[in-house]
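Only one chain is included here, represented as structure tokens and corresponding to the form predicted alone.
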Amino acid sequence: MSLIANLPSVDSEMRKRTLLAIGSFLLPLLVWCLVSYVPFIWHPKVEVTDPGGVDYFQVGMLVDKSQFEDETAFTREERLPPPAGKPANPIYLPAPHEVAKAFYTGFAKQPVQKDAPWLHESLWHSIQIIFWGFLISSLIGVPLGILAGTYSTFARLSEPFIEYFRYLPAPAFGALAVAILGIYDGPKIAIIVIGTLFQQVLIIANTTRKLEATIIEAARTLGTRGVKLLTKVVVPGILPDLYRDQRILLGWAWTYLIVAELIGTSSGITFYITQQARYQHFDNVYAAIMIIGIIGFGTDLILGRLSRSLFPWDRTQDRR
């Protein structure tokens, strides 16, 4: 009876979580809409709709309000047709509907610039950079972290240097990476590896140390040693937490992507963003930046749902 009585409260709690999650996105969107569509909140520019007697004004041109007022006063003094305009935001702050339109045109229409990459081509290239960078980092970092967390001697030998190295900014190795690996994808992958590997070792080592010491002692008492201790006791014991750590570290890899792709870039989402910004197509810039967040957040949600199937015994998931 108690389980049945608790079902409505569980459902209401889930609805509350869903509504709050939706609200966390709607609130910033509401602020963006207010700034974009309500003229008296923040519209420091004037979009010229009729140049009047001002020879250098053009339809669609954005000018400062003070400049527009000065030119309007000048035309009245000279008895020329006054210009007309409407309040507008700077070109670097497009309205939500313009960015939404850029989402569609970025995938459906060829870029205006000649030989410029499509949005989906740039995005796919960046996803490959993330994949290989994080895979290499994990293949090295996960075993080192587990070893450091299990064996104190290995931790004392490796962690001081890793602690030192993690404070070195990954972009500082950009020139060296280009000299060694060339100007293509190698340096970009290397920057992601450098940016995540050393953090990964320390985080996973700390996660491994949280495994109850009594479990390891019991396994050793029963004669479990070496590789068997790691594969049969340590790894299964930390697997849910290890999975959660990797989800967080994957997010860090995405943050290093833009920095990595600035090195000799001629492809990828960063190249697309810089190209669009150069031609002041800021609606495309916002669309490209937002789609990075959508992919990263969507991936994390999928991995979070998958963890419930992989680790149904992990009670910590119920608290989120």
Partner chain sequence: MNPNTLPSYLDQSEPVKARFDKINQRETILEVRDLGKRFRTPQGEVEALRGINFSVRRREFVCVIGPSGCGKSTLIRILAGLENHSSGDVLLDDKPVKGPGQDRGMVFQGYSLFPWLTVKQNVMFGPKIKGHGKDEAERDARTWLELVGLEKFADAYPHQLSGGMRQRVAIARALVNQPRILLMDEPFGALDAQTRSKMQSHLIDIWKNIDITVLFITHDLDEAIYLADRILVLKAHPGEVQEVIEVPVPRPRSPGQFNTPEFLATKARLEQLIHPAPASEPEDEQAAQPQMIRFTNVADNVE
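The model shown is predicted, which means the values in this text are computed figures rather than measured ones. Positions refer to the first chain, counted from 1.
FYI, the form predicted together with the partner chain isn't displayed, but the following is about it.
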item	value
One residue of Ile91, Ala172, Leu222, Ile180 in contact with the partner chain, assessed in the model of the complex (non-hydrogen atom, 4.5 angstroms)	Leu222
Residue (of Ile215, Leu176, Leu168, Leu139) lying close to the partner chain in the model of the complex, criterion heavy atoms within 4.5 Å	Ile215
Interface segment, criterion being heavy atoms within 4.5 Å of the partner chain in the model of the complex, picked from 236 to 244, 117 to 125, 155 to 163, 68 to 76	236 to 244
Residue contact check: Lys232 to the partner chain in the model of the complex, 4.5 Å heavy atom	yes
Any non-hydrogen atom of Gly23 within 4.5 angstroms of the partner chain in the model of the complex	no
His97, heavy atom within 4.5 angstroms of the partner chain in the model of the complex	no
Close approach of Pro312 to the partner chain in the model of the complex, 4.5 Å, heavy atom	yes
